[in-house]
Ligand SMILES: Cc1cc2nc3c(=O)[nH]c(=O)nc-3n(C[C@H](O)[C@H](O)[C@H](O)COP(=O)(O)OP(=O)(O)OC[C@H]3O[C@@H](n4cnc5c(N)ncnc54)[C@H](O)[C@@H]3O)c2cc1C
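As structure tokens, one chain now follows by itself in the form predicted alone.
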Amino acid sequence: MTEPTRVAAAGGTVSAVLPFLAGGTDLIARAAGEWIDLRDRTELTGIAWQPDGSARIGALTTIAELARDQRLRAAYPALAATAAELATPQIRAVATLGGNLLQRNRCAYFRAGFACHQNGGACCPAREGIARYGTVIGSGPCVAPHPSSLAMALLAYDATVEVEGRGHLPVASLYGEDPTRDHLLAPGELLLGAELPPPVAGERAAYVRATGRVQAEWPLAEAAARLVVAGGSVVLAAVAAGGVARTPVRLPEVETALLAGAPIAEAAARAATRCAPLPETRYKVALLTGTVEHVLAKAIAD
């Protein structure tokens, strides 16, 4: 997985614009050339805990570390569960938080070199071709879903990210509807890490992904849910979805329904109200609502 591009300098003079190399699980597979290796930036690794119980996760922390850290699993169970389901053990051992947040999309047309918005073209060939893996939320020019599961989980926690030179920003500010880009960091900007607010007592959480095969597959739809239940009622709800839009998304209509006392199935069905599917992604409407219903039921049972 890749970090953003950065201006490389030698003797104070700008020499080139090169991509960062973190885990490299996607960058090396996609492109040949030179990179700026971040693996000696040890200050970007690990999980640091603050006195109030909040956590800062360095951008170079591996997915495997997130999945196995027992304190993280207790404090932020939806994030840890999401990390544990990603890719394969081999990928999780080298892929990083920063790389997952800033990776490129998986569109087969883009990856095969077809002219498209992502590589300087003026169209989206998936719209007129094979789009069964495309978006179901949003109507922008590009229909490639954003692939970051961890961004989705961090959205559910109202986390922030730290960008060198810009300070702390909401996770959502990394992403937008620009069809030419999968994230909004500019060349020269480095993602340093993510910060989560203090844990919530009594949180129930879960993560669910719908895939075409059991392992080593990108989700067609996925969801993370955080709930606090008191007196038989949901008093806190945070639900996010991935694999369905150009950006990871929160589902406020589902959250509002849960807080109003709606049954799980009824609340999950509210996710369909924002869907604008392509002809080949109509199936994802039911897949999304089913995935949300499943994750809510799993969280309630936690």
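Each residue number is its position in the shown sequence, starting from 1. Predicted model, so just to flag it, every value in this text is computed and none were measured.
Not pictured, yet referred to below: the form predicted together with the named molecule.
*Asks:* So in the predicted complex, does L227 come within 4.5 Å of the named molecule, heavy atom to heavy atom?
*Replies:* The answer is no: L227 has no heavy atom within 4.5 Å of the named molecule.
*Asks:* Would you check, heavy atoms only and a 4.5 Å threshold, whether G290 touches the named molecule in the predicted complex?
*Replies:* Because no heavy atom of G290 falls inside 4.5 Å of the named molecule in the predicted complex, the answer is no.
*Asks:* Is P199 one of the residues lying within 4.5 Å of the named molecule in the predicted complex, judged by heavy atom distances?
*Replies:* No.
*Asks:* Answer yes if any heavy atom of P147 is within 4.5 Å of a heavy atom of the named molecule in the predicted complex; otherwise answer no.
*Replies:* Because a heavy atom of P147 falls inside 4.5 Å of the named molecule in the predicted complex, the answer is yes.
*Asks:* Considering A59, A55, L258, L251, which brings a non-hydrogen atom within 4.5 Å of the named molecule in the predicted complex?
*Replies:* Residue within 4.5 Å of the partner: A59.
*Asks:* Exactly one of A131, I91, A80, I137 has a non-hydrogen atom within 4.5 Å of the named molecule in the predicted complex; which residue is it?
*Replies:* When the named molecule is considered in the predicted complex, the option within 4.5 Å is I91.
*Asks:* Quick one: in the predicted complex, does every one of A22, Q103 and R209 get a heavy atom within 4.5 Å of the named molecule?
*Replies:* Yes: A22, Q103 and R209 each sit within 4.5 Å of the named molecule in the predicted complex.
*Asks:* Which one, 174-182, 68-76, 120-128, 95-103, holds residues whose non-hydrogen atoms are within 4.5 Å of the named molecule in the predicted complex?
*Replies:* Heavy-atom contact with the partner occurs in 95-103.
*Asks:* Quick one: name the residues from 151-171 with any non-hydrogen atom within 4.5 angstroms of the named molecule in the predicted complex.
*Replies:* Result: empty, none.
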